[in-house]
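First, one chain by itself: the form predicted on its own, in structure tokens.
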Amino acid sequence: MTDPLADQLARLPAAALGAVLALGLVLVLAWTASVSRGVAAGRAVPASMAHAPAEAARLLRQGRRTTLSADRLLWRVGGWGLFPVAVLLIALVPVGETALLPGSLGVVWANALDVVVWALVWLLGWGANSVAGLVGGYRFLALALGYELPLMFALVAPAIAASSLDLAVVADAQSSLWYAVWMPVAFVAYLVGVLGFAVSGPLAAPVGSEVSDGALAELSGPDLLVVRAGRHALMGAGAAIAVPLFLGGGSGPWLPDAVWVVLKALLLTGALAWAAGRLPTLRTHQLMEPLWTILLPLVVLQDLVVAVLVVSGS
């Protein structure tokens, strides 16, 4: 009979290595998103690559300000919690048959972590005890109601097709054809959701100039740096989750599975960040109608088509 404690201790080095690799991948994806946003803003690639560390150094030297009667604990939890959520999302991504956080409910956990972002961005606005922050927090909650339902139904489509909530099983089911090809509406709805929980691109109104940066209005120094890094990391983590969901996981010629997963995640992160930098930010009320009356019915119809095809083919 094996000793459970000894078995767990024997797995610690591998788990520690996996955690380091997940953290490293999140940092690379966040840096890719930052560089791609710089390119979208008109900077050359070398200038964009140099801008990120220079801006980080500037914010680290900047003093941290606060507001009168701010709830500093909630404020800090909201800002510093974004990056760990991105790391947890990356930990769900399977490389071959394994992931740092393996399990049969990966799709559900990915959606649950996305919802955690609601609370964190809200705390950013609430904890600062400022008008602009509070307005930004409320706007994010309103916007989240618009993008979250299409995102949830978008996650359902690959799960129906693979008859599993396990991300590894979903990825393996795409050996012949990626789900992004025959589930384009679900794929687009998912990407819109990624821009939503990264608070970027057209869905960046809660942190936009219209409300003096909204939920980010009172942030400065290291706090602002961490939130910016967290938003970039969430975009990269959302792109990485899309790899097993819609892009065939590690499938691809010649290269190992792990390399394909990273390459696909990097390319999708760069494309999303570039699009976020090029598309205009829309006001919350301009987004709610198309999200609820156009995107949501279309993605529900996509789920229905997938379900009919699965049942008819079984």
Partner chain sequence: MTDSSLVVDLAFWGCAVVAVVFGALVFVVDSMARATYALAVSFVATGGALLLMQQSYLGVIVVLMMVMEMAVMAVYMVMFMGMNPALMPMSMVHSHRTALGASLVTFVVLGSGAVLVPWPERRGAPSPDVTEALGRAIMESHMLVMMAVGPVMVATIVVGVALSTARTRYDRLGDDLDQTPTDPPLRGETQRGGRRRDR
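All figures in this text were calculated on a predicted structure; none of them were measured in a lab. Positions refer to the first chain, counted from 1.
Although it is not shown, the form predicted in complex with its partner chain is what the next lines describe.
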*its partner chain contact at residue 192 in the predicted bound form, heavy atom, 4.5 Å*: no
*Is residue 148 one of the residues lying within 4.5 Å of its partner chain in the predicted bound form, judged by heavy atom distances?*
yes
*Looking in the predicted bound form, any heavy atom of residue 123 within 4.5 Å of its partner chain?*
yes
*asked:* Taking any heavy atom pair closer than or equal to 4.5 Å as contact, tell me whether residue 178 reaches its partner chain in the predicted bound form.
replied: no
_Please tell me whether the candidate spot formed by 169, 198 and 260 is one where all three residues come within 4.5 Å of its partner chain in the predicted bound form (heavy atoms)._
no
*Of the listed stretches (27-35, 260-268, 282-290, 242-250), which one has a non-hydrogen atom within 4.5 Å of its partner chain in the predicted bound form?*
282-290
_If you apply a 4.5 angstroms heavy atom cut-off, which residues in 57-94 are near its partner chain in the predicted bound form?_
69, 71, 73, 74
